[in-house]
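Before any questions on binding or motion, here is one chain by itself as structure tokens, the form predicted alone.
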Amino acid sequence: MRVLLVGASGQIGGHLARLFGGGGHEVIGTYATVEVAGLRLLDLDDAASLEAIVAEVAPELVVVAAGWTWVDGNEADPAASQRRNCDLPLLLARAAAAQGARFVTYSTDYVVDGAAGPYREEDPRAPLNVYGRAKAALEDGLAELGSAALCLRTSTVYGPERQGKNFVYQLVRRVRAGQPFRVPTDQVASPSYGPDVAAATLALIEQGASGIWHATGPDALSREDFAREVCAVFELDPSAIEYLPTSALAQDAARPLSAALDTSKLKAAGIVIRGVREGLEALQREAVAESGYAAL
């Protein structure tokens, strides 16, 4: 299968590139800001470039594993959020559909209001922030493409990655360096091991899945409990972290407080994402053993 993988330099995109390549698929991967050998530069803000690469590559599958995920930055610039997280991915989706190609991308647990988690795929959405509203609009647009589009909601993705930017990397590095690190006590989500999210993506593609799916870990944990699990696995002092309620963090964008996602649908498809302790232990091994990942 010929795959156009937009965002192949990122966290999930990097794992997808390995899986697709290892499965014998032809992968044309792109990057936007972090140059990686073998990947093509693609300006994600240039609609003409996006349409042109789909026409040139003529893929059977387009996967977008890129987006603007800085939640507070989105809050300050709603127009850019809508463009980067909804309008341009939809442009790629429609260009793919026009060529008879399937389309896959990612959404977020931030499409819910966090009042009554865990949430199922069919539960009502009520995003509290600009980022969540852009992703909800993306989901609505993809629904118009029917069986040609697959959208996976993720949550607190962590794991080995090239750039080392996810929550676990930040926590471990700052605590080891004796730098301050603040963690909310009351934001509950479903931490998701990145390599497993990528594997779930490939499995759903192979099953011909479409629509909205939750691709998250099975544990509903507060960010505080997640941080304490990180400290346990990496042998850090959890008292070095400052634990505060969300109300004390003065974040620009509102966060859903109970946003865990139900994964019954994923499990019924025979797909399992590892729990937090197992995922963190795998991250500890992989960040040491595998070249190409940031060290921990």
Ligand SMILES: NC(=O)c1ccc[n+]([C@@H]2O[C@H](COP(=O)([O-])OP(=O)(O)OC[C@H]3O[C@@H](n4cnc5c(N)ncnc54)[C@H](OP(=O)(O)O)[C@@H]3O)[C@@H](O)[C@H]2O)c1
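Small disclaimer: the values here were computed from a predicted structure and weren't measured. One rule holds for the numbers: they count along the sequence shown, beginning at 1.
Only in words, not in the display: the form predicted in complex with the ligand, which the text now covers.
Trainee: Taking heavy atoms and a 4.5 Å cut-off, does residue 8 contact the ligand in the predicted bound form?
Mentor: Yes, residue 8 is a contact residue.
Trainee: Taking heavy atoms and a 4.5 Å cut-off, does residue 34 contact the ligand in the predicted bound form?
Mentor: Result yes; residue 34 sits at the interface with the ligand in the predicted bound form.
Trainee: With the cut-off set at 4.5 Å between non-hydrogen atoms, does residue 258 touch the ligand in the predicted bound form?
Mentor: Close contact is absent here: in the predicted bound form, residue 258 is far from the ligand, nothing within 4.5 Å, heavy atoms only.
Trainee: Since only the chain is shown here, I'm wondering whether residue 163 would be in contact with the ligand in the predicted bound form (any heavy atom pair within 4.5 Å).
Mentor: Answer yes; at least one heavy atom of residue 163 falls within 4.5 Å of the ligand in the predicted bound form.
Trainee: Scan 28, 53, 44, 254 and let me know which has any heavy atom within 4.5 Å of the ligand in the predicted bound form.
Mentor: It is 44.
Trainee: Can you work out which of 227, 266, 62, 66 has a heavy atom no more than 4.5 Å from the ligand in the predicted bound form?
Mentor: None of the other options qualify; the answer is 66.
Trainee: Just one of 173-181, 131-139, 93-101, 205-213 has heavy atoms within 4.5 Å of the ligand in the predicted bound form; which?
Mentor: Every other range fails; the passing one is 131-139.
Trainee: At 4.5 Å by heavy atoms, is each residue in 12, 106 and 155 next to the ligand in the predicted bound form?
Mentor: Yes, the whole trio is in contact, each within 4.5 Å by some heavy atom.
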